[in-house]
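Only one chain comes next, encoded as structure tokens, the form predicted on its own.
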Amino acid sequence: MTKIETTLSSLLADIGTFYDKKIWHFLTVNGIDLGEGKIELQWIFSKYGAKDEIIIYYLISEYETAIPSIIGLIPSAIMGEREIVDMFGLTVSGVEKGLYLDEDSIPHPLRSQS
């Protein structure tokens, strides 16, 4: 597994340069609550035909900062992006909330309260 740090401003360029749909399978976008209003976001890829060859692009952001969507590059990312919107209360540009949680659900259940 290789982790590659990116930034909000370079995320789309970094993934756009890296991603080749014939070589890499996009697995998901994942969030890890770091407490104190911060989250680590991870965009996870596996190489076709290669056992355990995983690339993770990651960045650390504050919850209040809007995250760019990668669905223009990888349309299937919409499901993971909608999940982090619902589960962590993030804003992902152009992504709606309400896929995983009902109106009366506990808001952003994976976000720490610290």
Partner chain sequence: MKKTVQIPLGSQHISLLEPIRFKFECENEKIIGVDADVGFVHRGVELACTRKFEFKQVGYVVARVCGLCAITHSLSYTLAVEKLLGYEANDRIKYLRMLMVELDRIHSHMLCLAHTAENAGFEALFMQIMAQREPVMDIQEAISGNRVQFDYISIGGVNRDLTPDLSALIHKNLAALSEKVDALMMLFDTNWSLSLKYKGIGVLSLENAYTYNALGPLARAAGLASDVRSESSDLPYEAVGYTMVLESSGDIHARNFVRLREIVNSIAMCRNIVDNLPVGEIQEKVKGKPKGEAVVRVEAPRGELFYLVRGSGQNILERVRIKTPTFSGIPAMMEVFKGSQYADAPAILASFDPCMSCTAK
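Numbering follows the first chain given and starts at 1. Quick caveat, the model's predicted, so the values are computed rather than measured.
Just so you know, the form predicted in complex with its partner chain exists too; it's not on screen, but the next bit is about it.
Ser76 belongs to the set of residues with a heavy atom inside 4.5 Å of its partner chain in the predicted complex. Its partner chain in the predicted complex comes within 4.5 Å of no heavy atom belonging to Ile4. Proximity of Gln42 to its partner chain in the predicted complex: non-hydrogen atoms within 4.5 Å are present.
Mapping the unseen interface onto this chain, Phe18 falls outside it, with no heavy atom inside 4.5 Å of its partner chain in the predicted complex. For the partner-free chain shown, Glu83, Met87, Phe88, Leu99 of 82-99 come within 4.5 angstroms of its partner chain in the predicted complex, judged by any non-hydrogen atom.
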